[in-house]
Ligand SMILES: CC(=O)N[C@H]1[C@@H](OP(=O)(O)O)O[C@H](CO)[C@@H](O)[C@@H]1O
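To begin, one chain is listed below as structure tokens, in the form predicted on its own.
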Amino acid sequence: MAHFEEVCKQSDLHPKPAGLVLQYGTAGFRTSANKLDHIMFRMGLLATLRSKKTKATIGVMVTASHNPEEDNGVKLIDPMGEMLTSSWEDYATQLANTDQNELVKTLKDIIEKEAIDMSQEANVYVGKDTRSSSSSLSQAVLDGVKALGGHSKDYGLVTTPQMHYMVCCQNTRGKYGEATVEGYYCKLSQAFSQLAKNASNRTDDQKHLSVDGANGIGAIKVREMESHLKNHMQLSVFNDGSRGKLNHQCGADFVKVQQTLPRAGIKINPGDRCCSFDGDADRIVYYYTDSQGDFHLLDGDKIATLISTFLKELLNEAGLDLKIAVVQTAYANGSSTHYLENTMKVIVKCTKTGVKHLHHAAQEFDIGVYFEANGHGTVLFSDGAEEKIQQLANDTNINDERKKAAFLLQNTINIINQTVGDAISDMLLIEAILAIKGMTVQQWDAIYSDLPNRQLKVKVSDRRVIDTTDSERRAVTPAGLQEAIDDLVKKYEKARSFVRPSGTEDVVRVYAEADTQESADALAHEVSLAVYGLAGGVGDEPKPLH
């Protein structure tokens, strides 16, 4: 009971603004930083209950990822470094929106429903990004943990993927790695060094990479890691937070959406290999400019193709019969799907948008590669797959080619952060693959050519009128919409289009691709008009793009 008195006392120091209602989404809570103090305190409470329930360490990360600097947010991390389980997302939403005087009652309801033993010890790890609001907000989380008698460890400034990594290391009792930032650097850099040894005679130019750190935490952490990479890599870090705003005209989201170089802070020559992280370093995209000055983006689809091709080749060389698949969403470019299925003969599975759907689907295979087009993704190896690779690497009776392939697979496993998409880990893996294969960024880009595409959004009075099926590729309601889309698609070559409701606002997202940019733009516009007419569009009807 003493704990609940402390909760009441502390809760008064973190009051809930009247009338504010927030929803725990795929990325946790996210909104203006000045509205989040009570949320952070309550997520400290929830993380403590989750820790007692699972008898494991739980993580809390204070970040708003690629959002503007004035926003902030929070996400909870489950015992194996994965995202919070969906039934507890409901508790998070409930707790966030409970009135001050009902808070203890809501807590007791959760305790009762989940049969939580309150005498069980609780441990919570807390990390934060570089936003000016993050310090006070992470303190509010720590206050919540303390109020319910939990133990906490404050990691201070870390990337989101590092926080996921720490939780997994702790709960696997070090089997996954050492739960320190230094341990993270050592594990990844040692694996990278081992892989880089298999690249023949790389020049300094080939080792060089320009990194846009989005003026966020990733820039700080990649700088800290540089010394661990010895002579294997040469980094030029731009948008490192010394000047310029977080995510402002830079970072992975800006580059992907605007299809252009970061506007600020980056100086590159034609053909230079570049990448951009997002604000909390869980997304990465690559790009370069050609001799004509044209911009070329290598997004999550290109990354998934490079990695899965490399892994499939190694499995063949090692003589290992493991099922490898690439998990995509409806937003994946049709050319990438076609190349993977028809040229590489890799299983491709399509799932709903949202990282947790991709992660879940990737777990169904021996090796599951997943990347959203926005550059968020990783590779998952089943326990069985890791075991087989390990056994082969230790087998003294195999030939040199199989031995080498097993060794490369082993180090590939160690370089990957399997808990979540991780810009630093993904960057090291991509650099290692390009080095081993002796590929330039242009050769990687030329594996297949993206079909021109366009994304638009249409404002509607209620996004719930749109219901979809087939991993969001077909609309079930409103009546007539899918038929209209099908008819429009028939007018263009190599075309497809789909619509889906936004998860956060009353807009419908429209995606279209076709053989030319002009056709993709025209199709997207015509589908937008169909959505506007059949799904309750509000405001002016969509205008043509040209």
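All of these numbers come straight from a predicted model, not from anything done at the bench. Sequential numbering from 1, following the sequence displayed. What we label the rigid core is the largest C-alpha set whose atoms superpose within 1.5 Å from one form to the other.
From this point on, the text means the form predicted in complex with this ligand, which you will not see here.
Looking at residue 52, you'd find every heavy atom of it more than 4.5 angstroms from this ligand in the model of the complex.
Not displayed here, this ligand is approached by residue 500 to within 4.5 Å at the level of heavy atoms in the model of the complex. The shortest heavy atom separation between residue 493 and this ligand in the model of the complex exceeds 4.5 Å. Using a 4.5 angstroms threshold between heavy atoms, residue 374 counts as touching this ligand in the model of the complex. Site annotation in the model of the complex: the residue of 85, 260, 93, 455 reaching within 4.5 Å of this ligand with a heavy atom is 455. Site annotation in the model of the complex: the residue of 355, 392, 434, 332 reaching within 4.5 Å of this ligand with a heavy atom is 355.
Segments offered: 483 to 491, 52 to 60, 516 to 524, 27 to 35. Contacting this ligand in the model of the complex at heavy atom distances within 4.5 Å is 27 to 35. Taking 2 Å as the criterion, residue 457 counts as shifted between the shown form and the other one: its C-alpha moves by at least this amount when the rigid core is aligned. In the core-superposed comparison between the shown form and the other one, the C-alpha atom of residue 510 has shifted by at least 2 angstroms.
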